[in-house]
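Okay, so here's just one chain, in structure tokens, the form predicted alone.
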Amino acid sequence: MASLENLVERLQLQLEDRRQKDLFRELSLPVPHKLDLSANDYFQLRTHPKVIQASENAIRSYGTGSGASPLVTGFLPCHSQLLDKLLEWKQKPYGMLFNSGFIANQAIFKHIPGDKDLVLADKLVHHSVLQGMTSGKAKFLRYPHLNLDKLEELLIKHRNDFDTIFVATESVFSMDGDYPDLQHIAALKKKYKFIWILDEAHAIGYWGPQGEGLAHEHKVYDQVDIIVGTLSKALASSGGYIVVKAREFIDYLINFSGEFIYSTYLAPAQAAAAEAAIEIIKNAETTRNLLKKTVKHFRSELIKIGLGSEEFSSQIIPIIIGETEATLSLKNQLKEKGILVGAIRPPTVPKGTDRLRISIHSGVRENDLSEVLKVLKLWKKQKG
């Protein structure tokens, strides 16, 4: 049997390999900066007075924690109120809250598809979906990213081989800011009768007439069977949720999902903050339009220097660099100028697609991005 020393040596070797490849990850505190383009707080609601006040009120009413798992005494009036608000906003009859969007995805894909079912998932679905599928009972296949013709081929090939087929995709993908043709998927659903699971984590706030997400923007939300979302991005809190068409999905997860059953529930302050944020997002049409204007400007400037595309228009903008060392160098150049961006490396993204991930939020204006464009333009010129 291996000793502690043997185990530590093995871990050290694997960690050193990551260091040598510039892929080592470590925690660090944010540095002083003038512009944060790395976060997912797309509407800057973490510091909104109404969101903070709602959190404070919840703490005074319920304390700092829920105190128990939801099936004991942890499901509190603040959670019920948030759930009601979500169902009204998302226009679905049933739903439930989880401690994170990651856990929500994990629970769905682990427990809902059975051993005689098939899940067809976009190649670039979130790690939480992949983890849920690999620990679940159903077979799963991953179709090429956004390739709905290939998805249809798989539907045709397997439609008589399984009891139920599920199709899983994100609406806005977190690393590329791109999105599938949801109306095309809706048409496929009418033709092949699959169960559609859509993760709207990064679409909330930015898309939809009241920020409900891309499914509402494209008018297909009534076709989606399970919508997954998070409270931790545009809603500036923490936690996750699902809203569904069939009550049985909820009852099944309440009875069989250990992720829900055996964990102390999300804190009251989180639930109250999310509820307040939803109300702000619903009425943020002017802010939403200004944000989209800033995004359009930045994307058009990137196209001018050969680093952009007109194909997508979300607030998540990848600048594909390709080499890890160059990606980290560009990140640090911007950091020195007080600008924070994400440097995304393998294995989060495929090898050779290292990128800067830029998230535009509602506090950014067109002139704020001039320094970023200068750095990128110089790098592009030097690269030739």
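These figures come from a predicted structure and were not determined experimentally. Counting begins at 1, following the sequence as shown.
One more form of this protein, predicted in complex with a small molecule, exists but is not displayed; see below.
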The unique member of 239, 213, 113, 268 whose heavy atoms fall within 4.5 Å of the small molecule in the predicted complex: 239
Residue among 288, 299, 233, 79 with a heavy atom within 4.5 Å of the small molecule in the predicted complex: 233
Non-hydrogen atom contact residue 202 with the small molecule in the predicted complex at 4.5 angstroms: yes
Exercise: residue 179 in contact with the small molecule in the predicted complex, heavy atom 4.5 Å: no
Contact test in the predicted complex: residue 223 vs the small molecule, heavy atoms, 4.5 Å: no
Touches the small molecule in the predicted complex: residue 100 (any heavy atom, 4.5 Å): yes
One stretch from 193-201, 179-187, 69-77, 141-149 that, in the predicted complex, holds residues within 4.5 Å of the small molecule by heavy atom: 193-201
